[in-house]
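Here's a solo chain for you in structure tokens, the form predicted alone.
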């Protein structure tokens, strides 16, 4: 012994040492279980989707599944998912056409141009949009946006993907703006000051220094916004309709993958039928879509992340 005292050993050798060790083990097990909940839940979701989708694909081939004819309740049922994919992509792209420029512009203003007091007011107000229930957005699209668009576009149907996509874009603006603004705020002030010292204007510093430096976080916000749009349900259920025909006309009704699932979970397909299992096949496809989007966002964030 060199005469040094190990405080931890003294505590553990004391009368309460065993109790402390037992408490440490209990806390460790509890934290492990808490951390495992999300993993176990994800595994359960994937197993459920894959297992029930396998029943569907045992009766319907992949070629028929990716066909263009969708009539699950017809006398001769067909389960072509292409109309659902087109409807989903059309509404999502329309949403991003709205959300990307508006959200990025708002993020640039709040990060680089707005006074601190105004920024602290604007950002919470914008994020209030994210807390509005999506069913409210759906009724807003159907009862306000669609009638307004019908006055400007006479050929617009009462239920259409155009108004649904536009309102979805408004809903996604807070996500794009908040994540992009956080990415720009992470850019060191020294870069801004260096560019200003070289004679650059505030706008030049923003567009040529700050935005390129924060590009990984900005692009990740765009991709996460697309993922959010792909998985949106209530807006497209209410405003876009349930037409199962394949069309590329955004002024007409289209059905998305999420609205198809909602429609059939209402009891249209009996349990154990091919139509019932088609819900899980479409759900699996939707899961793959969103998983790919999230993986792309993570890849871009890691590949183009700037370390300061």
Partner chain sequence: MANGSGSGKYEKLAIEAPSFQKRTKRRILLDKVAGKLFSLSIFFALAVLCILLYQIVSKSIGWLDFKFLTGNLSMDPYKAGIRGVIIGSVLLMVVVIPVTLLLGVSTAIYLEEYAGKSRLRSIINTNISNLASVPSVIFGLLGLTVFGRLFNLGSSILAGGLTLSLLVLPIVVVASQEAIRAVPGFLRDASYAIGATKWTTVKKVVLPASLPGILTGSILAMSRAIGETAPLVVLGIPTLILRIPNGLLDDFTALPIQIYYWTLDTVLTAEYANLAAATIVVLLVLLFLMNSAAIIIRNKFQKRY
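Numbering follows the first chain given and starts at 1. The model shown is predicted, which means the values in this text are computed figures rather than measured ones. In this text, rigid core is short for the largest set of C-alphas that superpose within 1.5 Å between two forms.
Form predicted together with its partner chain: not shown, discussed below.
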Task: Distance check, residue 222 to its partner chain in the model of the complex, heavy atom within 4.5 Å - done: no
Open item on the list: Does any part of residue 125 reach within 4.5 Å of its partner chain in the model of the complex? Heavy atoms only, please.
Closed with: yes
- [ ] Mark residue 201 yes when one of its heavy atoms lies within 4.5 Å of a heavy atom of its partner chain in the model of the complex, and no otherwise.
- [x] yes
- [ ] Indicate whether residue 299 is a 4.5 Å heavy atom neighbour of its partner chain in the model of the complex.
- [x] no
Task: Option from 231 to 239, 76 to 84, 149 to 157, 89 to 97 whose residues, in the model of the complex, bring a heavy atom within 4.5 Å of its partner chain - done: 231 to 239
- [ ] Would you check whether its partner chain, in the model of the complex, lies within 4.5 angstroms of a non-hydrogen atom from each of 117, 176 and 215?
- [x] no
TODO: Work out which of 60, 53, 261, 70 lies within 4.5 Å of its partner chain in the model of the complex, going by heavy atoms.
DONE: 261
Open item on the list: Residue by residue through 32 to 52, which ones have a non-hydrogen atom no more than 4.5 angstroms from its partner chain in the model of the complex?
Closed with: 32, 34, 35, 37, 38, 39, 41, 42, 44, 45, 48, 49, 52
Task: Large Cα move at residue 58 between this form and the one not shown, threshold 2 Å, rigid core - done: no
Open item on the list: Quick check on residue 28: with the core superposed, does its CA move 2 angstroms or more between this form and the one not shown?
Closed with: yes
